Structures are given as C-alpha cells and as structure tokens.
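A lone chain, given as structure tokens: the form predicted on its own.
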Amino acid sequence: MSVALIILAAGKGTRMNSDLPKVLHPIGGAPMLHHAMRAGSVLAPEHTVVVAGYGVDAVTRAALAFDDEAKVVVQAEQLGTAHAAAQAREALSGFEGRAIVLFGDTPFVRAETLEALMETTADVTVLGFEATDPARYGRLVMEGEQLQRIVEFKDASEAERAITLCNSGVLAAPAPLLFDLIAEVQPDNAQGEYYLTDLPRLARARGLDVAVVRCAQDETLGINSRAELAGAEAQFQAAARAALLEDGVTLAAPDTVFLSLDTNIGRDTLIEPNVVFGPGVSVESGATIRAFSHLEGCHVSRGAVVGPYARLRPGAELAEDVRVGNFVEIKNATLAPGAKVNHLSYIGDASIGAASNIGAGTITCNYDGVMKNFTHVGERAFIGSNTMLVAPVTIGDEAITGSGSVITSDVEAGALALARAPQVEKPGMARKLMDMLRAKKARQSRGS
C-alpha cells in the first residue's frame, strides 16, 4: 500500500523559551523535524506533508532541505492535533493509500516501528507503549486485541489509571478514512480543541477495527523544554555510539565523541577522545581520527589520519593515506592519495596532488576581499614551511617552494621557486643595538 506522512510541526514550544520553532532545535546536529522525516523515509512515502505554524518560513526551508518534494501546509491557529492533521486534507486530495501521523518534536520513533504500523490490517492503528511510570499519559483501553478508546489521565477512572499501556500520539489509517473521522471530532474538552485521541472511539462506533502496535517507551519521547532537549541529545549520542561500536568502529573514549544524525563511519576506524562530527561527515574503513579534531561536511578515505587538533570544514575531500596533522584546517579542498599537511597550515579552495608535502605554516591565500580563488598543487611537490600561496596560483608536479616564500605566480613542474628578500647581515650590530636600548632604558629610569 502507498504511504503518506503527515508530520505535525506547527507549535512554537513556549517552554523552550526560544524564537526558533521547537521542531528546528537540533539533536545530533539536525533539526528534530529531520529525525521524524528520516524515520518515515524508510517507507518510501508517496507524499510527505509537514504541517507548520509558528515560524512557517524556517520550518519550510528545513523540510525542503531534507526532502525537496515535501509539501508544507499551514495551521494558522493551533486548535489541536486533529485540527492540525486536517490541514493536510487538500495536499492529499485523491490519495487512497495509508496516512501515518507523526510529530516533529518526537524524534526517536524507529523506522522498524513505522514498518510495523504499515503491516497491520486494522482500519486504524495506534502506536502505544508500556510505561514504567504512566504518570499523565493517555491510557489505551483495550478489549481483547481491539482498542476501544483513548482516555486522558484527568478523565480516567481509578481502574483506567492503573493501565500501563499508553498513547504515543502516532497513528495510521487510510487517508480518506482518517479525514472522515477527523471531520467528526468535536472540541468537547476544557481547551476547546480538536484531538486525534478521539479517533479510536469514533472508529469503533462505526464498527471498524482499531489495533495497537507497541514500541519501546524511549521511542515516544517528546521534547518540550531545554532540559528535555539536553536529555534527548544524550539519548541520541548514546545510541549512535553504541551503533558504531557494534559496527566495528573503535571509540577510545566513547562518551567524549559527539556524532550527527548522518555521520557515517566505516569499520576498523579508530576514533580517539574528544572528536566532534558535525553534519555531513563520511569516514571510510581503516581511517584514524585523532583526539580533539572537528569534522563537518567532509569525506575521509581509507587509511587517512586526521589530527590531533585538526579541523575539516565543508568540502574537504581526503583520499587514501592522506595525513592531516595538528592545528591544520582544510576547507573546500581535495587532497590526493598520500598527500601530507602535517602542521599548522590552512588549505582552502585548493587541490593538493598525490604524495605532495605541505610544510608547516603554509597558507593558501584564497580570499581577495571579494572573491575566493583557487590554488592547485601538483603531484610530489614540496611546499616549504611558511609558504604563502597567493591564489589563483598553480604549483607544478615535483616543484619546490623555499621556506618563507610568498608565491604569487605559477611555478612550472620541477622548478624551485624562491620569493623572499635576500638576507642582510651586519657584523657587531646586534651588540651595538642592545647597548643603545639599555642606555635609553637607564635614562628613562633616572628620569622617573
């Protein structure tokens, strides 16, 4: 059966105390909204509809950044979850498949759980969980395998409050049925709002099947405050680290490594302590990322060694057996197999050829105040320490630049380029200069 996702993302999140819409607060370097969209993407949805409200422009940009075919609809007034889901009716006009309602602030629902929702044959399926502390969750009142109704804590009897099977809010139904049931929902509550929790009761009144799929309680965690956001980040990091360890990645100090939602690391890679992986990082098998390095938007190939204290920025592409050492920054640059940038250098908007060596303190001077310009270093070149490569410039294969050079013109293959003032030596001048300075200091001391 074809699938449509309806992701509710209209709330401001007052308890977050933020101008940023709640669903855009990040976990694992990605907005919470992306977590929900990613989980749903395993179902290959025919439609993804995001219901936005507060901060609609920002939510729209985020949704389209993940899926450029997503549809964003607006809930102008926040009148409850059923009212929010109803805003997707027009976007799904003519769609006869199954719709799954997700929440943009519930980031941990697993793809396997959503697949289980799709496998049921019931007319309406609700996602529930066994709560260790049911607290104020809505209770799922069952009769055999059929869900009779969802009762909110404040409306529950003592017997109903003893039920530990609770409501996650996630549900699935054929889209036409979903919207028909929503049309029957009435705001018969203190808040005067329209709630999806009424749907099981309305479906049972029609004699329809209403089933429950169970998941772990951790999957249903909703984020409503900064404290809960911090807890969710810790939960995400713990799960992501455990997954890497299971996949054959060595984490020398797991609790100090921070990962993003899309971090991809191959087995037999060694990650030393205090490494941060921002969004968009891919590391192939057998690489080494040494301590205190920061990677974002980059690709590291097999056998490469990065760090310690290295920074890889977006567009950094490291081929096999590349070495990037301490206090080196790479941005929008390609390093071919065996290239080395071992110490205190900045390589930006550049290509470094195979087996070339970039000496300590080398800088590609890529920005002229208006434009970014490109530096090309050929294969097996040797760039002397403290060389300034003033882009645009090309250094040929097997060329050498002398230490301390400022290279402003292309260097042909095999050439030695020296671009520094001749050394001038004045015998005895150092002692004379020091004597003059000491005498001046003494005069100043007497005058004070």
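Between two forms, the rigid core is defined as the largest C-alpha subset superposing within 1.5 Å. Throughout, we count residues from 1 along the sequence that is shown. Treat the numbers as computed from the prediction; the structure is a model and nothing was measured.
Only in words, not in the display: the form predicted in complex with a small molecule, which the text now covers.
Shown without its partner, this chain lists 274, 197, 260, 332 as candidates; in the model of the complex, only 197 has a non-hydrogen atom within 4.5 angstroms of the small molecule.
Note on the partner interface in the model of the complex: the residue among 118, 208, 238, 79 having a heavy atom within 4.5 angstroms of the small molecule is 79. Judged by heavy atoms within 4.5 Å of the small molecule in the model of the complex, the contact stretch among the candidates 98-106, 252-260, 290-298, 365-373 is 98-106. Contact with the small molecule in the model of the complex holds for all three of 9, 22 and 222, each having a heavy atom within 4.5 Å. The small molecule in the model of the complex comes within 4.5 Å of a heavy atom belonging to residue 84. Interface residue remark: residue 138 is counted as part of the site for the small molecule in the model of the complex, having a heavy atom within 4.5 Å.
Within 4.5 Å of some heavy atom of the small molecule in the model of the complex lies at least one heavy atom of residue 168. None of the heavy atoms of residue 180 is located within 4.5 Å of the small molecule in the model of the complex. A displacement of less than 2 angstroms separates the C-alpha positions of residue 342 between the shown form and the other one, with the rigid core held in common. With the core superposed, residue 153 shows a C-alpha displacement of at least 2 Å between the shown form and the other one. Taking the rigid core as fixed, one finds a CA shift for residue 285 smaller than 2 Å between the shown form and the other one.
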